[in-house]
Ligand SMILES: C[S@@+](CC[C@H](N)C(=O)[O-])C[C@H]1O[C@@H](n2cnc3c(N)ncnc32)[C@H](O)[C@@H]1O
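One chain follows as structure tokens, the form predicted on its own.
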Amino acid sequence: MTSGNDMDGTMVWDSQGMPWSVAFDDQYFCKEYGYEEALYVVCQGNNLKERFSSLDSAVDGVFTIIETGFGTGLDFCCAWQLWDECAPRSWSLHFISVELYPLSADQIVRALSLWPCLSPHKEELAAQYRPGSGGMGDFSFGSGRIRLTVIFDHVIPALAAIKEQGLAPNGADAWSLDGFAPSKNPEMWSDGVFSGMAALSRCGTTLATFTVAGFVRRGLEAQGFEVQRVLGHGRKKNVLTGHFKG
């Protein structure tokens, strides 16, 4: 590993110039398939293209995605890109994420520079994004059609804060579970997280995640989610998708 302009030792750049988490000794994304995997797992796994396209243009509504692990902002930028392409102008997207070890805006720009198609989104994100230890960041993009809320805290109290502060008054429409591998970051995949998810879900809320660990599937099922293993992308043989039954 080679150190870069890292923030409190949170990450370094490896020999190929890829972001690597110091805290969890794991990569943020796959160099070859990172963007495609995010589109496949998070967007396609939650059926976002079809759901965005089918929103009623006569309604002023909010579609809410909650993510565990903001990281480089890759999932957010992919969802934002798809929203711009598919969603009616009368709707807004509220993307809520949790991040205990935030990267700087400069690090996010460098990490996402692998994919030129995300350039407009990463630049607008970097112009506003100011992480901090503790507290919350609330950002607006796309002339107000995109709201990003990032809670800089451990995941369980962060989920509780989303509930207590009414950040998702109608619950999540979709979940992106993206907090490094369970073996590296067990806190992100605990029963407390799954129960927090259930409290912020309603019948039909969807989820998608890279991991297929058995205890993750069982933990989600115990909280009222129905999950299934589906074909993965790139180096991931399988991934999990599902929905909340209540």
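For every residue, the number given is its place in the sequence shown, counted from 1. All of these numbers come straight from a predicted model, not from anything done at the bench.
We do not show the form predicted in complex with the named molecule, though everything after this point is about it.
When the named molecule is considered in the predicted bound form, Gly45 lies well away from it, no heavy atom lying within 4.5 Å. Although the partner is absent from this view, Val155 contacts the named molecule in the predicted bound form, with a non-hydrogen atom inside 4.5 angstroms.
Though the partner is left out of this view, Leu74 does reach within 4.5 Å of the named molecule in the predicted bound form, counting heavy atoms only.
The named molecule is not drawn, but in the predicted bound form it has no heavy atom within 4.5 Å of Phe139. Proximity to the named molecule in the predicted bound form, taken as heavy atoms within 4.5 Å, picks out 95-103 from the listed stretches 141-149, 95-103, 79-87, 117-125. Think of it this way: in the predicted bound form, the named molecule has a heavy atom of just one of Asp191, Glu187, Glu50, Asp60 within 4.5 Å, and the residue is Glu187.
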